[in-house]
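Below you'll find only one chain, the form predicted alone, shown as structure tokens.
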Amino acid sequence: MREKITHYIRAGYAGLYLVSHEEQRVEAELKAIVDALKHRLYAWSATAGLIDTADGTARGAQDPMEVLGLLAELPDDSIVLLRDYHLFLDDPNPLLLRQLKDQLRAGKTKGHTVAVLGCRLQLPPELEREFIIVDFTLPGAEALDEVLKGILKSTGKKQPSPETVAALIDAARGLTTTEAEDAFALSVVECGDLNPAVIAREKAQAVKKNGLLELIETRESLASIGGLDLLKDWLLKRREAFTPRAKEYGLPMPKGVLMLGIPGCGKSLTAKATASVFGVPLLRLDAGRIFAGLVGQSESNLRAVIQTAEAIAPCVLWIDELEKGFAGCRSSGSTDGGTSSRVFGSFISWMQEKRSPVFIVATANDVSQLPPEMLRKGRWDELFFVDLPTRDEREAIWEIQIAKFNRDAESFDLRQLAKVTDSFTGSEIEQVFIEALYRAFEREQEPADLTIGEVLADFVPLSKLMGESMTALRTWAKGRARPATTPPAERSTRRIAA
């Protein structure tokens, strides 16, 4: 980033727009740049006015118009950092716009560079061509290592082992330098030492601040899923895809998987288990929250999501019910001025071109609402269709659910339970057993096959309520998506061949 900004300044760019939440880090980068170039750095804010960072001399000019008038008086080869100036560019005064454009043009002859620093991009159309946009990515491993060294020095703690240092830095990925410093310090206060678990906990809180992403702590594994053998096998073949060995081999990074199918059949559970397969953090994205009412805010939200995911990478990015987030992009031109369409276009472009190890796992129930561009090959490594569980899968689900509630599965007739729950989803089987537990608890008994039978007599599965839509979904998926489970006929053929 430092080299990039240096090149812009040396090339004579008069306007830089720096997008970052980290004022201190940005200012430190600019100070290092001006020292190397032998330039002068001035910083402005609405509270302190214009200050020469070299000697602390203040020139007043707290008014955003007044500071523009002072730019002509500054010495040649000066950089002026305008903090929070983007707030004055939202529905700006026409005189301010005109004066800023004049100063940018005049500044080229004196080697002046005006750098606007804000947490989000906010440029009126009149200035879009006057500024070059520089997105400050979240700090990488080197920057976080410097923060860690500072905490060790200030607290007098011994240098941890290389493995512990790597774990601490991995736990802090996705935090700003200030947030990382606070998390490291809190770990020392709480535990008396640096603890990756505390850092990860604080990161989960930081990621949730904007409401777009959530860091999920999951204990699910592929063993938590009954069936879906083809999908499990596909994931297991890619479990070392983000390792150095895979990179040395020349293996391309996997992009992601889209799971279509009937609600309650294990798509979300598989998304959670995928993070365990890869051994990386799991981020959940609420796609609907990307869209905001302010002009430009939706695009800014998407950039924040991408930046955070890439900073935490390698990671799994889980998008649940994908169709609900992007259903409106087809009619975007007439409903929201094209915002949904632009956000959707940016998102699928990132999916296609991303180079960071972010594995996207998306689930969808209603494929008819998904735009065709989302479904084509190249966006995903594979499309899987998750159907109602087969008899063998239902038997495995019953065993998992019974054990989940600390009961002995051998006390139940699993084969008979699988038979009588034909056309039930996995989540429905779970709810049946939970209801059986409640009934047995009321009677001060342990649940049994008879208790489950009583529940089943009153239970109406989703397959009866939505039979037509399920049939339509199966028809669409045939030939378009790969089945997540080996078809029964094929499974029988394999057994005979064996």
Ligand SMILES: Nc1ncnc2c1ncn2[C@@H]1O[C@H](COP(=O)(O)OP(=O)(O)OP(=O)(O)O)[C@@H](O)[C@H]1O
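All of these numbers come straight from a predicted model, not from anything done at the bench. For every residue, the number given is its place in the sequence shown, counted from 1.
Just so you know, the form predicted together with this ligand exists too; it's not on screen, but the next bit is about it.
Asks: With this ligand left out of view, choose which of Glu395, Glu202, Asp84, Glu321 has a non-hydrogen atom within 4.5 angstroms of it in the model of the complex.
Replies: That would be Glu321.
Asks: What is the one choice in Leu213, Ile262, Leu168, Ile360 with a heavy atom within 4.5 Å of this ligand in the model of the complex?
Replies: Looking at Leu213, Ile262, Leu168, Ile360 one by one, just Ile262 meets the 4.5 Å heavy-atom criterion.
Asks: Choose from 109-117, 134-142, 395-403, 305-313 the stretch whose residues reach within 4.5 Å of this ligand in the model of the complex, heavy atoms counted.
Replies: Only one stretch qualifies here: 395-403.
Asks: Please run the contact check for Arg173 against this ligand in the model of the complex: heavy atoms, 4.5 angstroms, yes or no?
Replies: No, Arg173 sits far enough from this ligand in the model of the complex that none of its heavy atoms falls within 4.5 Å.
Asks: Answer with yes or no whether Val147 is in contact with this ligand in the model of the complex, where contact means some heavy atom within 4.5 Å.
Replies: Taking the distances in the model of the complex, the answer for Val147 is no, it never comes within 4.5 Å of this ligand.
Asks: Using 4.5 Å between non-hydrogen atoms, is Ile348 touching this ligand in the model of the complex?
Replies: Contact with this ligand, no.
Asks: Evaluate Gly426 for contact with this ligand in the model of the complex, applying a 4.5 angstroms cut-off between non-hydrogen atoms, and reply yes or no.
Replies: Gly426 belongs to the contact set for this ligand.
Asks: Using a 4.5 Å cut-off on heavy atoms, which residues of 265-285 contact this ligand in the model of the complex?
Replies: Heavy-atom contacts to this ligand in the model of the complex: Cys265, Gly266, Lys267, Ser268, Leu269.
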